[in-house]
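Shown below, as structure tokens, is a lone chain in the form predicted on its own; questions about how it binds or moves come after it.
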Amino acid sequence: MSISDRKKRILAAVVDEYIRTAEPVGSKHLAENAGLGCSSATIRNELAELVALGYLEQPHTSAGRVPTPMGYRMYVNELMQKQKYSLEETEELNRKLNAKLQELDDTIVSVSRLASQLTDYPALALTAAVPTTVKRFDLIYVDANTFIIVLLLSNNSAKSKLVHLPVSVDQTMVQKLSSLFNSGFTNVTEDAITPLLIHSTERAADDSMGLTSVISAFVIETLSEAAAPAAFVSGENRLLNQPEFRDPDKAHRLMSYLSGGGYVLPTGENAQGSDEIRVLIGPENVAEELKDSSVVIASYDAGDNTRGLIGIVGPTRMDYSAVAAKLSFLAAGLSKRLGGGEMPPEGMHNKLVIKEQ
């Protein structure tokens, strides 16, 4: 259905603002901010006509409007400003972002190794588990059977996937899906990507080829991987220096547990909101493999209101005060690097929380 240029400009402004804010858009806001050159009354009349034509809808009693699937379709096909990355640009973006992430991993690994060297015990570092969302989708049309999915995540990393199709798809469909995913799938966590959301997007796109499911599956996989904490273990073989672990079977069980990323905190506990050193002694530990060991844990500020862990595993006879002092300063240094924290004040580095049975 053909509509006037003014209606198209207003529709585009509504969709742009709704994508940005996720709030219904009113005529007064458009008149003041969208640069349409129309009065609020004129915009209000045009909005009413766009509702009558099926491009917009008015939720409940709100004064604002939101796009309908028909409005999104018009926006995607004719109105939106298109952004395209070449394959080379996409690869360069991924290279730069992955290099930045590698720097972070190297920092945590280095601190873990240093903790092991300073204490002569195995050390582990656990990065914070952070709920991750997609900030932006770019679907890049390559040819009739190929397109690229590019996801910019809330942790400022990027993930991409080259999709080969057994059927032909046109560029308009890829652009339509890009707009719909940007409007419906950005800034939501993995658990919010429900079958209902996927199905409604598929219907809005008039997608009979399963493209929505392919993109959704990649999003879910990416968000799941991004939110998982990463564990780094250093110095497992230092256990063999301790008399308690001269039994090869006993040492092997603990070394295998640590190398496999075994948990050191009880289920449901984490590092959030704690600046104190924690000590778990012998049977207090979460796993059978740790029952003859003690674990000393410090948390660090990983930025964005999240925390990670750095810890030492050793015999129950370890020098807890010395280990706690070293871990505390290492954690403070890691916090300063990642979260902008300050070094602890003098005298605070031996503060312990001893977990008793």
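For every residue, the number given is its place in the sequence shown, counted from 1. Computed from a predicted structure; not experimentally measured.
If you look for the form predicted in complex with a further copy of the same chain, you will not find it shown, but the lines that follow are about it.
- In the predicted complex, every residue of the candidate spot (248, 252 and 255) has a heavy atom lying within 4.5 Å of a further copy of the same chain.
- At the 4.5 Å threshold, heavy atoms of residue 238 reach a further copy of the same chain in the predicted complex.
- Looking at residue 197, you'd find every heavy atom of it more than 4.5 angstroms from a further copy of the same chain in the predicted complex.
- Though the partner is left out of this view, residue 142 does reach within 4.5 Å of a further copy of the same chain in the predicted complex, counting heavy atoms only.
- With a 4.5 Å cutoff on heavy atoms, residue 73 does not count as touching a further copy of the same chain in the predicted complex; it lies far away.
- Stretch-level contact analysis of 134 to 142, 279 to 287, 204 to 212, 188 to 196 against a further copy of the same chain in the predicted complex, using heavy atoms and a 4.5 Å limit, identifies 134 to 142.
- Note on contacts: among 174, 150, 118, 226, the single residue with a heavy atom within 4.5 Å of a further copy of the same chain in the predicted complex is 150.
- Note on the partner interface in the predicted complex: the residue among 168, 259, 110, 77 having a heavy atom within 4.5 angstroms of a further copy of the same chain is 259.
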